[in-house]
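First, one chain by itself in structure tokens, the form predicted on its own.
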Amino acid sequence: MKDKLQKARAFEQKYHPNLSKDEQPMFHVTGGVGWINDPNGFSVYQGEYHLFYQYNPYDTKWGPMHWGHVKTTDFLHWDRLPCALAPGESCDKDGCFSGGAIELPDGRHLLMYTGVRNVRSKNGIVEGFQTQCLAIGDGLDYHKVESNPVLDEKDLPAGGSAIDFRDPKIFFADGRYQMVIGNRAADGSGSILLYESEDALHWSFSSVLTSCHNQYGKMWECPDFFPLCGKYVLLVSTQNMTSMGLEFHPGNSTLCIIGDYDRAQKHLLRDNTQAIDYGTDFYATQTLETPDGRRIMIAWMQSWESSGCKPGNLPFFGQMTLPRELSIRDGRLIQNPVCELEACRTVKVSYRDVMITDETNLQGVSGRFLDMTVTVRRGSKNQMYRYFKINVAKDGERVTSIRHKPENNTIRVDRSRSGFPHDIVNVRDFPIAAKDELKLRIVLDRYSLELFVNDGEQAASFVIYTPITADSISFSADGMAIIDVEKYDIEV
């Protein structure tokens, strides 16, 4: 194991110092080189925010899963740290999969992850048996505990799968350490298991927090469970989701359950369910609570469906979303960019009450590293525009468009001409609340567009590969729209 970890660290030492800023996003996390997917171990440690991630340093394809590592004090300026975990022990020889982290009272940093061990069955199929493992360190170097695995198939409830048993998220609540883990139940669909511990080292099964019952996809993975605004929130990533109108799209998706926590039964009582993000590129959320009480969420800004579609000249694949502050309003999850982004704003350009009919460019409103809010109103008292559109990352050949159609209260984001080398899912429609005024906040980085609707009622994340020289922005409407624009360049 140590040899594999040192190999990964030596590889990073060779390539990380030579990374070009012109190839990396300005303020979104990547691995620098290689592949990344799920965020892991998002936690506060020694007054800093640490983020780990699923990581194959050697290729831009999924491979032997390591844990990459970065840290920050403001969620925008990230310091690269050496690779934290590498596969190699008998319990994790085929991968150190996703998990969580927490600071212990003695000042050590505890990582909990899923170890994978592939076994070929009698019918020749290779199956990955999954157990839960620990590593403890000082924020830089981590050692795996001798007692690994600390949870295995013996610790599952009746009918639980040892093959789909992964992604522990650890937290401290009600005077003890607790964690939620994704599992596949006897009915073939997901369930979220709750485990407890007095010392974070020895764990026991507590309850089934909630189950899918084949209602929202199949396997539920990457769970996170936390109190928020007087309610409890469960975030999960769902596999094999079937389409449900425009709320949930088929394939790998995400689900937010808001409700109350029955402490006696240790069970989540559901009030509301919704998608977490409505874009094409969002999966595997993790959250932390900041010292000032904010709940911050980050996710993998990519989809498995399009993970093979990427330019061949980049040294990395995969990036994280901009961290987001969470709240609840009118029974829905609200998410907005972390407030720290405002300190990185420069060059303000603003317009008020601009009439839009034909395609219009506004002087000073352009760029690819920006934070822009557009407020849209109907052009006359009794007539609503048939559609309103914003084109971003635009040149004569390429464009990414955001369209509002009030007739059916939908937003459509179209990235069909956004630089992808292959045909993938490039158009996404999602529903919004009907209101007299529409507010669209757009955050652009080199390879991404993140959209926040009506002060965070919905968010939608998209990867784009348009050349950075495509930086024009235009507005158009079928009918008449009146808009306000407030645009800032971002410098990190």
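Numbering starts at 1 and follows the sequence shown. Because the structure is a prediction, the values reported are computed rather than measured.
Quick note: we don't show the form predicted in complex with a small molecule, though the next part is all about it.
Not displayed here, the small molecule is approached by residue 97 to within 4.5 Å at the level of heavy atoms in the predicted bound form. In the predicted bound form, at least one heavy atom of residue 54 sits within 4.5 Å of a heavy atom of the small molecule. Using a 4.5 Å cutoff between non-hydrogen atoms, residue 450 does not count as a contact of the small molecule in the predicted bound form. In the predicted bound form, the small molecule stays beyond 4.5 Å of every heavy atom belonging to residue 351. Just one of 458, 60, 37, 466 comes within 4.5 Å of the small molecule in the predicted bound form, counting any heavy atom, and that one is 37.
A heavy atom within 4.5 Å of the small molecule in the predicted bound form is found for one listed residue only; from 415, 324, 144, 166, this is 166. Stretch 217-225 is the answer when you ask which of 384-392, 362-370, 217-225, 257-265 has residues with heavy atoms within 4.5 Å of the small molecule in the predicted bound form.
Annotated contacts: 42, 172 and 200 are all free of the small molecule in the predicted bound form [non-hydrogen atom within 4.5 angstroms].
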